[in-house]
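Take a look at this one chain, the form predicted alone, written out in structure tokens.
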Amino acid sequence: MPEKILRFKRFERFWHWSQAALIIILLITGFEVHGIYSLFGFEQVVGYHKIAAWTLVGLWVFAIFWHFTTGEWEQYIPTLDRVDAMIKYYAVGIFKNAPHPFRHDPLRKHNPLQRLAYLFVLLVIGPTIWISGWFYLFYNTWPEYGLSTLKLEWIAVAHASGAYMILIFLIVHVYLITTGHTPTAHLKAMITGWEEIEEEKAHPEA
């Protein structure tokens, strides 16, 4: 019989799905702002984009507070330990039904490769999007701060680059959801909080 563990708490699930929805809204509205397609019209979609962005900022404030007050921030401390095993598993082992090199539990929710991916989001993708977005938002005040020589095209390229990176992260994230002991195991865990762990498919860390 598989072991059943509480992997994700209620707020984690709320935060995860709310963030995912807001990011998807930002991608849809953002790409329209950049003229890739037309759904709502420029002025209306800019308003939607701003509302979603500020809502996400508010959500992150609560999420950061929750992570630090509960100690859950430690789940994201990066490590290179067994990263090579995780890369080998996703590149080859998963297609040969090899045992998973990492065992999830309430104290270790993210494998080493996931932690590095989240670090990249935190240090590269996030700042690229938010800093360029801030410049976008206050474009009309640039002359007041001596930024008249700054080109809007540069900001647009940076913001779009960040958007494409987060889109790639989202696609990979969705794919990895299907790599549990069943294709829906990770998805069910993020909906209910509980995940079944197949003992023979999960090896404890050394």
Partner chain sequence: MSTADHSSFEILRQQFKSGMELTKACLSCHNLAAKQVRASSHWNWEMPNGRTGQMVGKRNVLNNTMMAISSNGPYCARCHISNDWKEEGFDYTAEDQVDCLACHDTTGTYASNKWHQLRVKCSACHVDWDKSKAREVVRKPNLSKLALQVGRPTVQSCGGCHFYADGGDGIKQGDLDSSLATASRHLDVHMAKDGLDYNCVTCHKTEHHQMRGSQYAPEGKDEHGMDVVEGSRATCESCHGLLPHPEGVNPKLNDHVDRIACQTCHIPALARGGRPTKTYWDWSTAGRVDDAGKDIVEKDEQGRVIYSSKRGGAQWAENLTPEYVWFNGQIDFTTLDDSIDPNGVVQLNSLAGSSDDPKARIWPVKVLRGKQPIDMEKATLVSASLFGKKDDGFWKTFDWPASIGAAMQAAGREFSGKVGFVETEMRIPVNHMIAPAEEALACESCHSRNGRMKDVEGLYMPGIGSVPILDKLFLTVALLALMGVLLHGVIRVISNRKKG
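On a predicted model such as this, the values are computed, not experimentally measured, just so you know. Superpose the two forms; the largest set of C-alphas matching within 1.5 Å is the rigid core. Residue numbers count along the first chain shown, from 1.
The discussion below concerns the form predicted together with the partner chain, not included here.
>> Please tell me whether any heavy atom belonging to Tyr164 falls inside 4.5 Å of a heavy atom of the partner chain, as the geometry stands in the predicted complex.
In response: Contact with the partner chain, yes.
>> At 4.5 Å between heavy atoms, is Gly146 in contact with the partner chain in the predicted complex?
In response: Flag for Gly146 set to no.
> Quick one: does Val33 come within 4.5 Å of the partner chain in the predicted complex, counting heavy atoms only?
Replying inline: Result yes; Val33 sits at the interface with the partner chain in the predicted complex.
> Wondering, does Phe68 line up within 4.5 Å of the partner chain in the predicted complex on heavy atoms?
Replying inline: Flag for Phe68 set to no.
>> Counting any non-hydrogen atom inside 4.5 Å, which residue from Val172, Ile64, Val57, Leu150 sits next to the partner chain in the predicted complex?
In response: By the 4.5 Å criterion, the partner-contacting residue is Val172.
> Since exactly one of Phe102, Tyr118, Trp130, Tyr136 fits, which has a heavy atom within 4.5 Å of the partner chain in the predicted complex?
Replying inline: Checked against the cut-off, the match is Tyr136.
> Is any part of 174-190 within 4.5 angstroms of the partner chain in the predicted complex by a non-hydrogen atom, and which residues would that be?
Replying inline: Result: Tyr175, Thr178, Thr179.
>> After a rigid core superposition, would you say the CA of Thr141 moves by 2 angstroms or more between the shown form and the other one, or not?
In response: Passes the 2 Å threshold, so yes.
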